[in-house]
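Here are two versions of the same chain, shown separately as structure tokens and labelled structure 1 and structure 2.
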Structure 1
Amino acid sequence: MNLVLDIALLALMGIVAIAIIRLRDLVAVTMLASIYSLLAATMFVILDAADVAFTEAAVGAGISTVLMLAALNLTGFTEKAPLRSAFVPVLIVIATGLVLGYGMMDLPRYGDPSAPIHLHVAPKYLQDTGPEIGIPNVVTAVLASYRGYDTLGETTVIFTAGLGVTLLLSGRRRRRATPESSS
């Protein structure tokens, strides 16, 4: 068991998350977010999800960070001190957390090989990927073939993001019409 490593990683993630909330220097926040992603990626490796770890590292720690810095470069680097009372958000968050925690009480034990998800659907992928698809990486097989349609959707999402960013940023900067006085 990697219990100690688990605990250390999760504790670090918690600390990073709290620091993200508290810090107002946004470059630091961006860096912390990137660290959070790296820690998550490490967890993914521990949890046997190599592809996910790879992606999380590339996306969370790489692309997202570059994008955020690029955006901050255009917008400024510090956040103002919060004026509003945090009471309502705290309430919402605690309530949501409690409900979610309550719901997790009936989950199968962590790592339990007899959990339903290991007995239904997934075994077929592990058994049949070899004979049916003929490649060793089951994740790729599921991603591109068994659930290939999801991945078509995923590719479309990426395309949509590129389209959206282009729609928003590529035009020459026009003066926006001043808000209609009547509305």
Structure 2
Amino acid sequence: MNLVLDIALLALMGIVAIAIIRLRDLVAVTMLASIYSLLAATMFVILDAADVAFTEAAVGAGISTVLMLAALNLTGFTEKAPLRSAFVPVLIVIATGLVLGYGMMDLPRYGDPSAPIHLHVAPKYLQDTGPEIGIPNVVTAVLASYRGYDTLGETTVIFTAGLGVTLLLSGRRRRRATPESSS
């Protein structure tokens, strides 16, 4: 049953991705991107990565959708027809996919208990998290304590990106308002 659900979810994600590529209505693309993000969050839940699923749902489906709709409100709702052929970009994407596929051949199998991550880092976290930190959830302990500075850095990057988008959008409004007020 799990395999059927996984295949159905991946098929839905593929259908939504193809629809995103084919559409020219940018509002529809934004909504489909939000749906794709929710499907990805569902996949993360199935993979027992609830913390990643929450982040994907909040940032991917929530904040990103609002920011994209705000940007569309300032720019326009339809994509212009491409002036050039998409042959070169498609070729680059295929080449990149082949290189990534080749690189994945060296990775250990999914769930392999003899993978390096399961032999070195994970046992230490699982054994030492309770006595050292006192936080029962290992993922929370790793993100908040062992990798606290890393998490702070990621938060700073997200804050800076949000601030940058806010400044860009407010600058666009001022420039748009300036010619109207001068006439």
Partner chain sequence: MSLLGIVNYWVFVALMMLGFYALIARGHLVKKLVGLSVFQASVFLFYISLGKVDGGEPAILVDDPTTIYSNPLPHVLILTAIVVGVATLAVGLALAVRIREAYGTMEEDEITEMDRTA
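From a predicted model like this one, the values you see are computed outputs, not experimental measurements. FYI, numbering is relative to structure 1, first residue = 1. Just so we're on the same page, rigid core means the largest C-alpha set that superposes within 1.5 Å between forms.
Which number, 1 or 2, marks the form predicted alone?
Structure 2 is the one predicted alone.
I21: with the rigid core matched between structures 1 and 2, does its Cα shift 2 Å or more?
Superposed on the core, I21 moves its C-alpha less than 2 Å between structures 1 and 2.
Fit the two forms on their core, then tell me the C-alpha shift of V165 between structures 1 and 2 in angstrom.
With the rigid core fitted, the alpha carbon of V165 is displaced 3.2 Å between structures 1 and 2.
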